[in-house]
Each structure stands twice: as structure tokens, then as C-alpha cells.
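Just one chain follows, in the form predicted alone, and it is written as C-alpha cells.
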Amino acid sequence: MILDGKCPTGPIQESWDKHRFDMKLVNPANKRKYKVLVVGTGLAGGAAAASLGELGYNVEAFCYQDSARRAHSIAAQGGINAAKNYPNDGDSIYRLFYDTIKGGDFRAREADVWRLAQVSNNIIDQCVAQGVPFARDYAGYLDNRSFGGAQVSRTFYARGQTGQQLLLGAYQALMRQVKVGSVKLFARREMLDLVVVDGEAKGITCRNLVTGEIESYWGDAVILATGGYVNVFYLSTNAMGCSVTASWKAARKGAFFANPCYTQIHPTCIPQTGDHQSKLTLMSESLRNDGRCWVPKKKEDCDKPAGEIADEDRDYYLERKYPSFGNLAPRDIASRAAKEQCDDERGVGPGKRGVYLDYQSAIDRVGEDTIRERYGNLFQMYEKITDENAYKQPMRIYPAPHYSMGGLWVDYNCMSNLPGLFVLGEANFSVHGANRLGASALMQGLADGYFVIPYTIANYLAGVKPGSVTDEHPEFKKSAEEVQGQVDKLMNINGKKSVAQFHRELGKIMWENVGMARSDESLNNALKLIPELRDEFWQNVKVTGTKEEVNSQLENAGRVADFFEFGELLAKDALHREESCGGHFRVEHQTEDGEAMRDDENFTYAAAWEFKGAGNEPELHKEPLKFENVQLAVRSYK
């Protein structure tokens, strides 16, 4: 099937405005007749629920955490992009559009990215009005800093807490709607199935994580804003509860999964210290704004204290390899460069899987107080974890799984191929292509929630009779029975290995074979090992506790079961894509100096996979990508 993204035609500068006018509207009196389910209450979901509630729709919002404030969006610390050009350094909507297309290695839709750049300025105004405490300069104006993949300063920030502050803004807007009664908030619920009636999404089935009860909820439309899937690697920068489950349950019901092989490895994470770890800690990319990455030039210097290595004996490898962008090279490039130094046996720290991020030059230039003002909480976090003072000695960092650019396939309206199922933020595939530039995740989540979905969902609901399907429909009972059956199956295996053991083993397979560097051999090895481990899981996992209570073992077992099926699809997609682009690096497809080599002739499309049942080959559908406003070119940051 050749997929149609339903992108507007005509000049791209007018595309979103024209599309908004052409879409159908729902009048205010009719809005309160419709019910919309929003799964996930991070930036995308919280903003969507608050905006739709404000418009007058009846909204039911769901999160597995005990509070919407605990969504993983808080971990996006560094900043949010917008094209306001306050520093007067050459930025514009077109430049943000261009940088995002180029940053994604020309594997994103032009129309979606243009809309993202266009509404970016509205996001900042919205958040300032909500009281988000963005950094200000001496005169009181909003301040900006630089981020990877751009040569302008367009990133708005609140010290190293930007995601948290933006989430609090969305949370306050959401809770205002809860107070007035337009939004009902259901915490401690995990979506375990999508209810599809006559080919349209009409509800969800959840497990109440406190009582264990299986609950059904109906809606005239369903919005998924449930984040990404990189916990398939076990060790990642994501919160432990982040999973692919909601998206994968939708995929099992017919929603296409696009570009699952596009995963981002973040270059600025605290290195792993041993097998005891269950997650990794992200140090914000904003630190590369003033920090310099280096390793010793000579292997024999790697065990020396950093302060004893003379400047002429240091290899500032990003500045050497990418002089135009230096330490602000995009994440995929900076990550592979760090791995390259460590593979050359010039890594530092325990296990020699680390590089230095050095602030001495910046401290000498602007003073320690200024650096403390800009990044103080990040330095505190680093010291708490490592017991090292980064003002006195360089930080040690190493790449780690961080973000997923792939996700459920959606058209320009953020609706999946299943009518009535909308997907927002990191859960969809729409704007980042094969690599996300830093500070663009917050931008996408809030753009989708505040400024896109309020228009596009109305276009769908205008053609739907409100309340035409409720939880009295037989499909809801069938779904609940299937979910209960899965829960019972997991509880009754009573094997000998813990859920965490299986997840750790799966993560090792994924990281070693489908991680930063992929090959035909490694991917085929993963596709051999994953089904074997999955079969063992269903015969030998042990879930303690009972199903009628709070049971994190049971929650995690369900999530790991989904990771097994999804991990296999991720590897298949990576094997299928015979090129290197962005975060997808196939060692067979690289230039002489180790840079990614795209194949535009054969792979300029989004790969959307249709689930055909466990153990069966998924079916590939393609959406061709057209570039009419940005010319395809070799992606160079040199």
C-alpha cells in the first residue's frame, strides 16, 4: 500500500493556514456532546487534554503515574526551540524548518516540519502566559542559548529544568479544566488494549494499577500521547515505566508502526558503572554549549588524571572533525564520534567507555559563577551520582539510548490509519526523520497538544455522531476478556527467572546488535536470539504477588512481553533499510571517513509496518517523501 500523508498542496508557507481554514469545525454547543480519551499526560497529552477541555469537549485523561506531574517530559532539561530570532543572529521560520529537515537526515515530511517551525513562536508566548520561568537576560528579555545542529541561538530554557517547568505549565492548565469539570483525570491506569469498532478507534481497556480491576472506557476519538520505546534497550535515559505498550497494543489492532529503527543515542550521559544499574542518567545537551569534548591523544595517557594531561596532548575530536559546528554537532554524529574514540582505546574512566566534557575553558572565559548560574543543578546532579566536582575536573560522558523518532504512522492531521486514533508527540513518527535535534522534543509535544490537535480532531469529529458507540458494545467486553486472559497467563507461568532478568537479556541483545552500529550479521543475529528468548519468557518467567493489588512485577511483565514483539519489528526494519541515515547506522553503508551514507534513490520513504500476528511477517507499506522546498543533499556539519 502506498500511504497518503494528506499533506496540503500549494506554497508550504501557506499550507497550515490554508489547511486550518479548509477543515471542518464543531460549533461550541456541539463540542460538549463529544467525549475524547487522552492516554498520557506529559507535554503532548497534558496540553491536548487542557486545550480540548478549554474548547468545551468532554475529556477523559489517563496516566499510569500517581500524578500527571510525574510524566517523563520533565527529563527534557535543556530547552525548547523557537524561531523568534531574539538574538538577531539570522534565525527564521525557514531556517528552523531547514535545520530540522537536515537534522533528521532528510527522512521527515516537509509539511509537518514547516508547521512545527511556524507554530514554535506561539508555544513560547503560550508558556510565558502560563508563567513558565524562562531564563531572562539583564534587560529582562527572554534569553536564548545554542543547541546541537544549529548555528544560531534559538533555544529557550529554564536553567536545566526546562521540561519540568513546561510540564508544570501544562499541568496547571490541565488541572484548571479538571476543576471546572471538562476533564476527568484517571491516574494509576495503564492502557492495555485499544477498542476498535467497525475499523474505527472507539475506546480503551485499562488495568487499574491499584486494585487490579480491568476497566473499559469509550470515546468518540482516542488520542495516544504515550512517549517513546527506547527502554527496549533496558538501559536508557528514560524513566523505568516508559514502554511501548500503548503504541504496540494499537499496532496489534491495525495501526501502522512507522520507522521503528530510528532510535536516538544521546551523547551526553553518565557512563554505565556496572551490571547493577537499571537506568542511565542524562546530562543535558545544553552542557555542550560551553563544555568541550576531548580524549587523550595517546592511549597511555588514559589512566592519568585529566588535569595532568597537557592541552597539546588532548584530542578535541568534535572540534577537529566538525569545525563548523564543533561541540554542537548533532546527537547522532557526536555519539558515533565518542564511540569511535573509545573503540580506538582512548576512552577514559572505569571500563574506558567514557570521554571528557571539560568546562575549564568556559570557567576561564566567563567565570565559575556564570557557569553555576547557567547549569548549576546539572552540576549538582552529576556530583550526587559520581561524587566528582565538575567545576574542578571534567565530567565523563558516554552515549546511551534516549529518544525514538519512529512511532505510530500518522497523516498530516496526526491521525493514524485507524480513523479516530490520533497520536501526538514522541509516540508518532511525523517530524524528526531519522534523528532529532536537541530541544525539538518539547517543541513537538507542545505544538501537537496546544496548536495542532484542537483543529485536526474537530475535522474528524464533525463527521461522527457523538456517543454512537459506548462501552455497552460487545467489542468492549471482548477486549476486557482478552486483557484479563493475558494477565492470567502471565500470573500462571510461575517460572524461575524474574522479569528484570529477561528485560536485561533482551536489552543486551538489542544494544549489542541493534544499537549504535548495525550490520547485516548483527541484525540477523538479533532476529535469531529475540524469538528464542521470547519463547523462554513465556515458559519460565516468574511474576510474584497477585493480580488484585499493586503489582509492579505484573506491570513490567506485560511491558517486557510487548518489548519482545516490538524489538523483533525494530530489528526487521533496521535490516530492511539498507542505508545509513541519522540514528540508523549500518556499517555497510558509510563513507571512507565513517560518515552515514544515505540511499535516496531507494529509501526516500517512511516505512510503515502492519502487524500480522505474533510469529508472522509484518507487511510493509510505504509513504514516499517529497522534497520540494529543501534539496536533498549530503548531510555535512564540517
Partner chain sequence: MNLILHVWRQKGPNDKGRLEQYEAKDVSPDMSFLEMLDEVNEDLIAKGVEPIEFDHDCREGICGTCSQVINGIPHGPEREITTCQLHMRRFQDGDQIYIEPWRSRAFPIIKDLMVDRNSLDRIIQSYGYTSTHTGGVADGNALLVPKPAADMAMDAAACISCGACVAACPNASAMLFTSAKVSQMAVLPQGVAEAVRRVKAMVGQMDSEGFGNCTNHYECEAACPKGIRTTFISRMNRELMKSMVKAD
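In this text, the rigid core denotes the largest set of C-alpha atoms whose superposition between the two forms falls within 1.5 Å. Numbering follows the first chain given and starts at 1. The structure displayed is predicted, hence computed values, not measured ones.
Not on display, but discussed next: the form predicted in complex with its partner chain.
K.L.:
Looking in the predicted bound form, is its partner chain within 4.5 angstroms of a heavy atom from every one of M415, K477 and L527?
P.N.:
None of them does, since no heavy atom lies within 4.5 Å of the partner.
K.L.:
Out of 335-343, 527-535, 421-429, 119-127, where are the residues with a heavy atom within 4.5 Å of its partner chain in the predicted bound form?
P.N.:
Partner-contacting stretch among the options: 119-127.
K.L.:
Of these, M175, V197, M491, C302, which has a heavy atom no more than 4.5 Å from its partner chain in the predicted bound form?
P.N.:
Answer to the contact question: M175.
K.L.:
Could you spot which one of G351, G131, P323, G485 gets a heavy atom to within 4.5 Å of its partner chain in the predicted bound form?
P.N.:
Going through each option in turn, the one that passes is G131.
K.L.:
Since only the chain is shown here, I'm wondering whether S552 would be in contact with its partner chain in the predicted bound form (any heavy atom pair within 4.5 Å).
P.N.:
Heavy-atom contact with its partner chain at 4.5 Å: present for S552.
K.L.:
Evaluate V366 for contact with its partner chain in the predicted bound form, applying a 4.5 angstroms cut-off between non-hydrogen atoms, and reply yes or no.
P.N.:
V366: no contact with its partner chain in the predicted bound form.
K.L.:
Since only the chain is shown here, I'm wondering whether W511 would be in contact with its partner chain in the predicted bound form (any heavy atom pair within 4.5 Å).
P.N.:
Because no heavy atom of W511 falls inside 4.5 Å of its partner chain in the predicted bound form, the answer is no.
K.L.:
Is it the case that K298, even though its partner is missing from this view, gets within 4.5 Å of its partner chain in the predicted bound form, heavy atoms only?
P.N.:
No.
K.L.:
Select from 49-83 the residues with a non-hydrogen atom within 4.5 Å of its partner chain in the predicted bound form and write them out in sequence order.
P.N.:
Sequence-ordered list: S51, E54, Y64, Q65, D66, S67, R69, R70, I74, A75, Q77.
K.L.:
Classify G349 as shifted (yes) or not shifted (no) between the shown form and the other one, where shifted means its C-alpha moves by 2 Å or more with the rigid core superposed.
P.N.:
Yes, its C-alpha moves 2 Å or more.
K.L.:
Align on the rigid core first; then say whether the Cα of N389 has moved by at least 2 Å between the shown form and the other one.
P.N.:
For N389, whose C-alpha is compared between the shown form and the other one after core superposition, the shift is 2 Å or more.
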